[in-house]
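This document opens with one chain alone, in C-alpha cells, the form predicted alone.
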Amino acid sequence: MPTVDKSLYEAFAPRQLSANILAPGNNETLADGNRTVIGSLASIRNEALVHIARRNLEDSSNQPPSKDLNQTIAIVKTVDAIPPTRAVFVNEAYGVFAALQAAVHAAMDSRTGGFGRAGGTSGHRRHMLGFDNSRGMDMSSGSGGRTQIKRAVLRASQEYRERIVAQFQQVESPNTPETFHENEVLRTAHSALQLLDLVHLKSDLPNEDDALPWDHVQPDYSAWLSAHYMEPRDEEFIPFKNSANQREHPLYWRFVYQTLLRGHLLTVVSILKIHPDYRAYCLEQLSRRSNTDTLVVRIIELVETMPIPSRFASQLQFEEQWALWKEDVERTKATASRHAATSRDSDEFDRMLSVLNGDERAIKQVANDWREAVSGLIIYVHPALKRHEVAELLSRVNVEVDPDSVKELVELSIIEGNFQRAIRYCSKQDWWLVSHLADLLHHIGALDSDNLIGSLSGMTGKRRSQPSQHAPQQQQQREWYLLGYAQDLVSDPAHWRIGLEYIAACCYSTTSATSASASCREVLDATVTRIPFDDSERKFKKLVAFARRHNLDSARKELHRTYARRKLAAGRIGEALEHYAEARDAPQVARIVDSLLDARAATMPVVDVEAGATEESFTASPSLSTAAWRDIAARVSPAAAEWHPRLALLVRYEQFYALYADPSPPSPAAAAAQLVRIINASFGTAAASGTDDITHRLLPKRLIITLLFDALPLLLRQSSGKDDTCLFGVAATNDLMRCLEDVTASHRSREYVGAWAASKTSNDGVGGGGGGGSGGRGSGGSEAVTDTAIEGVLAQLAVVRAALTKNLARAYILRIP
C-alpha cells in the first residue's frame, strides 16, 4: 500500500489552535473535565475573543463560567474585507461616487422628460444587446437630462479607472498571495470599466452640440486590448529584437501576426523591414540593378497606407478611401503568385494579404485567442463597426475561456450585455467592483429592475407571509449591492464613515422615494446606532452630526442615550443629563433631577425642635453655594427646560438659591417670590383647584418636603424682625400649608416622610435616586428608615407648620394678598 507524504501539507497548512488543556490525542477526557471554552463576538468588527473557562460541575446554577484571562487562546478575526493598502483608494473612489450622485440628481432636476424606472419612456424599443431601454434611457428622445446623466456616468467610469491605475502603482509586486490577489482585482476592475466605456457608455452619446458623432469602436478596442493583453511581451520580444538573425527566430511570424491583428502598424512595418527579402531589395536599390518591387515591399506599402477611421471626419470619407485601398490589396493578392518562386515565405505573405483583404478564415487561423480574432475582424473586416455591434462578432469567433479566469468571464459578459452575469462573476473577486458597476449600470438604465428582499442589518422581522399592508421591504439591485459594500466599510474602523455615506446614498433614490429607499433608511438607522465609539467624544460628535444631517432622529436619540449611560456610569452627571435631554428620555431625566434634589436634601441642616430653629442655622450651610447640583442646573439649556417640567423645576430651584445666597436687600423677597413660582408651576394650581392633575403628581412628595424646608429660613427671617415686610402673602402661605397637608394628612404620610429621610441619610447621589413616582419609593422607601427618624422629620414639619401659621396671621394683619 503506498504511503502518503504529508510534508508538503504540514509545511503550508495553517496550524491548529491549541488551548494547552490536554495532551494531544487525549481529547476524550475533555468531556469529564471542568474546563470549557467561552468567547465573545465584538459587534460589527468581525472579531471574537476566546478564553479558557472553569466550571464547577457540581454547580447546577445558570451562572456563566469564570474566565481564566491567563489562558487566552487567540483573538480570531476574519480576513479584512478592505485591505489596508486600499485606504487611499477607498476614499478617492468615494469622492468620485459622491460626485456622480450629485451630477445625476442635478440632471434629474433639470430634465424635461421621463427617465428611469420612475417615469418610464415613450418608446419601447429593445437594445440589441438584450436589456430593455424602456426601463432606462432612450437616447433617441434627445433629452438633455438623459445625455447629462450618461456623460456623468462616463466621466465617473474614467475617473474610477484613473484611481485604479494609481492604486495599482502603489501595490507592491505580487510576491505574496495578498498582493497578487489585489493586483488581479485591480486588473479585473479596470478592464471591466474600460469595456463598459467603449461598448456601452460611449455608444450613441451626443457631443457638446447635441449631434451624434461618427461612432466607431476600433481605436478604443485596440487601446483596451493593448492595456490588458499586451502582445508581444517584453520578455519574448526583446530577445527576438537582439538576436543576430531575426528572421530565423521561431517567433518571427507570430509577432508579425500579433501586431497585425492588434493594429500596431508601425511595429508590423519595422518587423517586415528586417526580413531578408526587404534587405535584398534595399541593396538592389542602392546598386540600381533592379526596379521591380518584391512582395514584402508591396505589403509594407499597403500597411503604411491603410486608412485609419480616426483620421477621417466622417464615415463617408473613410469608406471611400477604404474601398480604394481594398482594391489595391486585391490587385496585390492577385499578382502574389508571380512572386512565389522569389521568396521562401511566399505562403506567409499570401496569408498576410488575406488578413489585409478581410478574410475571416485567415484571421481566425492566425489569432491566438478570441480577443485577437475580434480585433482582426474589427480592423480588416468591419473597420466602421459601431460600438454596440461588438457583441455580434463574438458569435463569429471561437471563444475559448478558462472557467477559472474571472477576468475573462467578466469581459465576455460585459461585451454581450449580460450584466447580471458580469456582476455575479465580479462578486467572486471584490465587492467594490460589484457595487460601483451596479451603480453605473443603474444610472444608464441597463440593470434589470428586479428587486431583492433585504437580508442586511435592520431588515429582519419581515416575511412574505405578512399581509399586503405590511409587505416585506424590497430593494433595487443597486441599493442591495451598495449596502453589501457599505457593510464591509462599516466593519472597518478606518472606513466606517464612508460606509455610512454609501448607505445614505441609497436612501436618496435617483428615481423616486420607493420602498427600497425606505428600507435603506431602516438599515442606516440601525447601523448608525451599532457603530462603537469607545468613549471617543470626537467619534460620537461625528455620528451625531451625521444623524442630524440625514434627519435620523431615532438614531440620534439612541446615540445620546448610549453616551449618557456611559457618562452616568463615569460619574459625570451633568453631561449625562444633557445627553438624556437631547435623547428626550423623560424618565431618565426625571430620575436624575430627583436624585440631585435628594442629594440637596442630604445636605440640609437639621432643625433642633427643642432649642428652636433660627435663620443662622440655615444660612451657615455650605451647600447653598458649593453644591454640585447648582453647576449641573446652570448647564440646562432653555430648550431642555421648556421640554421637561422637572428640568424647569431644577432651573428655577437653582435660581431660588442664587437669590437667597445674595446678601443684597431685594434678594430675600425675590427668593420668596421665586419659591412661590416653583410651587405654583409645579403643583400649586392643581392643589388649589382640588384636582388630581398629572402636573400635581409630577413632583414626588419627598421633593415637596424639601421645598417646605427651603421656605422655613425665609419664614424665620420674618419672625426674627430683620424684615418689616411679609415675604409670603396670604395666597402663597395657603399654598405652602396645602402642600404641607398633602404630606402630613395623607394616610401614606409615614411613607412620604420615610422616603425623604432615606434620601437624606443615604446621600448616594444619582445612584440612590428613585424613579420619581409620587410615592417617593425611589430612594429606598420608609422600610430602610427607623421610626425614630420618621418621627424626627414629622417634628421638623411641625416647626414648619408653626412658622406658616405665624406668617399667615402676619399676612392678614398687613393685608398682603
Partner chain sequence: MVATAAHGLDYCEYRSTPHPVQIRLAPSPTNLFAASLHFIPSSLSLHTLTCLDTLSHAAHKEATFSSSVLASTPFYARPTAIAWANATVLLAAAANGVSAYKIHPDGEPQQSTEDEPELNPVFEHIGVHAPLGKGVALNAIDVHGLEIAAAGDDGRVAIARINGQLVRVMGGLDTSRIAALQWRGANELVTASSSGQLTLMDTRQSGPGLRLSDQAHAPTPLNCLTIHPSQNDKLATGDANGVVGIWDLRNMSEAAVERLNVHSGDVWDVKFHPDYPGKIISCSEDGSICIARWSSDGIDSNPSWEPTSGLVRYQSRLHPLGFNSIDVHAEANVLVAAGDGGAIVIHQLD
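Keep in mind that this is a model prediction, so the values were computed, not measured. Residue numbers count along the first chain shown, from 1.
Keep in mind the form predicted together with the partner chain is missing from the figure; the text below concerns it.
(request) Give a yes or no on whether every one of R163, S536 and K542 sits within 4.5 angstroms of the partner chain in the predicted complex by heavy atom. (result) Yes: each residue has a heavy atom within 4.5 Å of the partner.
(request) Check each of T603, T562, N91, Q148 and return the one that places a heavy atom within 4.5 angstroms of the partner chain in the predicted complex. (result) When the partner chain is considered in the predicted complex, the option within 4.5 Å is N91.
(message) Using a 4.5 Å heavy atom cut-off, which residue among D710, E522, D585, E575 comes into contact with the partner chain in the predicted complex?
(response) Of the listed residues, the single hit is E575.
(message) Only one of 214-222, 726-734, 629-637, 394-402 has heavy atoms within 4.5 Å of the partner chain in the predicted complex; I'd like to know which.
(response) This holds for exactly one stretch, 629-637.
(message) My question is simply whether F318 lines the interface with the partner chain in the predicted complex - judged by any non-hydrogen atom within 4.5 Å.
(response) Contact with the partner chain, no.
(request) May I ask you to state whether G358 is within 4.5 Å of the partner chain in the predicted complex, using heavy atom distances? (result) The answer is no: G358 has no heavy atom within 4.5 Å of the partner chain.
(message) Whether E501 contacts the partner chain in the predicted complex should be assessed with a 4.5 Å heavy atom distance threshold; does it?
(response) E501: yes, in contact with the partner chain in the predicted complex.
(request) State yes or no: in the predicted complex, is some non-hydrogen atom of P276 no more than 4.5 angstroms from a non-hydrogen atom of the partner chain? (result) Heavy-atom contact with the partner chain at 4.5 Å: absent for P276.
(message) Within 4.5 Å of the partner chain in the predicted complex, counting any non-hydrogen atom, which residues from 82-107 show up?
(response) Read in sequence order, the residues that approach the partner chain (within 4.5 Å, in the predicted complex) are A87, V88, N91, E92, Y94, G95, V96, A98, A99.
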